[in-house]
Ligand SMILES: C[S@@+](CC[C@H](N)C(=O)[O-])C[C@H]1O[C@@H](n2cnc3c(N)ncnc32)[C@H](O)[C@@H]1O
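Next up: just one chain, as structure tokens, the form predicted on its own.
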């Protein structure tokens, strides 16, 4: 039960201190999460169910006193549920929380994407951020476009396909492409979104535009989905190549948030040259509004990617200005739902 009378009034000194501790608390949560994985606690409790603190500490080789405090902090962070622990005794039970089961499955063995997020943090944790900021060389592999087929496959499958559901559901709910006959999906990955749209809209034809290795993966995935008659692939580099022409809808789905505003403006100019008269530009992206922690987490990563630009997660006002500068006007904005990070912008060429 929440007690509003215990909360700090907005703007009070206590609220200001709380804001500062929220920053420190974020660092503590990350360290806890790293060790949560290293000790394989999701798998342990997913297999056995809730266990007494003493038993967990014995199985994991932890000092009981320190281990109990660690488990208690995992519960405070929302990863574990603590019960029978009013007096903080050894018999306190700890089990996976509802959030942990959502992230890692009821057995604690799932959630590759969530684990991989932490894996990157650990990868850069040993680098001196100060040295990196002063220009120290970055490890091989922290670059875009990815240099090896293996890295592209990892990106397209684990980062894009497995996390596509929220963006697809948002796009379908918005009805932004419901009337499309010929749709160009720029940066469309392995065709996952294109196949989903064609499944939802039987009249639609989709062309996926992407780099060579991603395009090759798209051919394979589209064939596996038996969609080759309706989902096509056009190989290209949007930094160098013009887009194919004749499409009544052009889609950027989880693509523009990877590029700074000047790149987005360049892409909008290309869309205007390629789109059929009366066509619609559709943008389905995570925006800055309502996504501050999401933005902090991702843009911290991008410090370690010199090939990415600046201010990547943009507010709606920036998209509006970029579209106006490129000769478009926004006709509709579908805001985020509770189920996903994404908002949908629909725009047409201004007359």
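Every value quoted in this text rests on a predicted model; they were computed, and no experiment measured them. Numbering follows the first chain given and starts at 1.
If you look for the form predicted together with the ligand, you will not find it shown, but the lines that follow are about it.
Student: Report the stretch among 107 to 115, 273 to 281, 75 to 83, 252 to 260 that approaches the ligand in the model of the complex to within 4.5 Å, counting heavy atoms only.
Tutor: Looking at the other structure, the answer is 252 to 260.
Student: Would you please decide whether residue 166 lies within 4.5 angstroms of the ligand in the model of the complex, comparing each non-hydrogen atom pair?
Tutor: Outside the cut-off, so no.
Student: Hey, in the model of the complex, is residue 193 touching the ligand, heavy atoms inside 4.5 Å?
Tutor: Close contact exists here: in the model of the complex, residue 193 approaches the ligand to within 4.5 Å, heavy atoms only.
Student: May I ask you to check whether residue 268 falls inside a 4.5 Å heavy atom distance of the ligand in the model of the complex?
Tutor: No, residue 268 sits far enough from the ligand in the model of the complex that none of its heavy atoms falls within 4.5 Å.
Student: Within 4.5 Å, heavy atoms only: does residue 174 come near the ligand in the model of the complex?
Tutor: No, residue 174 is distant from the partner.
Student: Name the residue from 214, 92, 170, 207 that puts a heavy atom within 4.5 Å of the ligand in the model of the complex.
Tutor: So the residue touching the ligand in the model of the complex, by this definition, is 214.
Student: Under a 4.5 angstroms heavy atom criterion, identify the one residue in 229, 181, 224, 237 near the ligand in the model of the complex.
Tutor: The residue from 229, 181, 224, 237 that makes the contact is 237.
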